[in-house]
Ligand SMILES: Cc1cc2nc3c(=O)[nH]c(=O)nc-3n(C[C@H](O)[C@H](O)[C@H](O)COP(=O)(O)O)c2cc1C
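We begin with a single chain expressed as C-alpha cells, specifically the form predicted on its own.
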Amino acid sequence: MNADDFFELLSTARSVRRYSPEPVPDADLAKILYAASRAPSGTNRQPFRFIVLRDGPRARRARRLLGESFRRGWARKAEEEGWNRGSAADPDSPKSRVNRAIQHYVDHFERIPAVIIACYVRYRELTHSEGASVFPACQNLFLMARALGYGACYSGWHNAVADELREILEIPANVELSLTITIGKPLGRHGPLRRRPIRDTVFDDGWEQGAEWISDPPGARLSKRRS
C-alpha cells in the first residue's frame, strides 16, 4: 500500500453500525488483533488487552447484557440530545440517517459477528493520560478491519454494566473496561467521511491561530460546524 492508498483508507474508515450476520473468520480476526498489538504505549508496557465475544457461553451472556445496556444508553442519549426531533423529521437529513443507523445498531446488537472489549491493565494510580496506552491499539484495530473490508464502531455504553461484565468474564479489579468495539461486514459501503473543515481543528502557534498552510483536499466532504 502506497501513501495515496493509505490516505484513501483513512478517508473512508467511517464508523459502521449495520453489519451482515456473516461471521468474521479466525484468520481475519487474528490479523485485526495482531495489528492492534503493534500499537505504541507508555514506556512500551503494552497494558492493552482484548476480550473477544462471539459464540461462547460467557460471550452470549455478555452480549445479551451489552445489548440491553446499549439500547438503554441510546434511548437516553436520543431523548436528552433530541435525536428524534427537529431535522430528524426529514428522512434524508444527516441527523435522521445517523438516528436510523444507531437505532439499527442497538436493536441488532446481539447479532453483530464480533464484539471486542478493549481493556487497560492499570499499573499505577489513575492518570489523565492512561487512554494514550490503549486507544492507539483500538485505532490500529479499527484501521486493519477497514483494510480487510470489515466495518467497526466504538462505544462506551458498556460502562453502565461494567460490574456485571466483570463477573461474567472474570475480569480482575485492576483492569479497566475502556471501549467496546464491534466488527463485521458492512451492510452498505465504506466512506467517504464527512468532517469539520481542517482549519477548524488545526491551529498554528497558539489557540485558534489560523494555520494558513493547511486546507482540505479537493473533494473532501465537510460537516456543518458544531460547538
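Note that residue numbering begins at 1 and tracks the sequence as displayed. Not measured: the values here are computed from a predicted model.
This protein has a second form, the form predicted together with the named molecule, left out of what is shown; the following refers to that one.
*Asks:* Identify whether the named molecule in the predicted bound form is within 4.5 Å of every residue in the set 9, 50 and 146, based on non-hydrogen atoms.
*Replies:* Not a single listed residue reaches the named molecule in the predicted bound form, so no.
*Asks:* Heavy atoms within 4.5 Å of the named molecule in the predicted bound form: which stretch among 56-64, 36-44, 167-175, 189-197?
*Replies:* Among the listed stretches, the partner-contacting one is 189-197.
*Asks:* Scan 153, 141, 118, 112 and let me know which has any heavy atom within 4.5 Å of the named molecule in the predicted bound form.
*Replies:* Answer to the contact question: 153.
*Asks:* Quick check on residue 20: any heavy atom within 4.5 Å of the named molecule in the predicted bound form?
*Replies:* Close contact is absent here: in the predicted bound form, residue 20 is far from the named molecule, nothing within 4.5 Å, heavy atoms only.
*Asks:* Against the named molecule in the predicted bound form, would residue 102 count as a contact residue? Criterion: heavy atoms within 4.5 Å.
*Replies:* So residue 102 counts as contacting the named molecule.
*Asks:* How about residue 183: is it within 4.5 Å of the named molecule in the predicted bound form, going by heavy atoms?
*Replies:* So residue 183 does not count as contacting the named molecule.
*Asks:* Taking only heavy atoms into account, state which residues of 54-76 are within 4.5 Å of the named molecule in the predicted bound form, ordered by sequence.
*Replies:* Result: empty, none.
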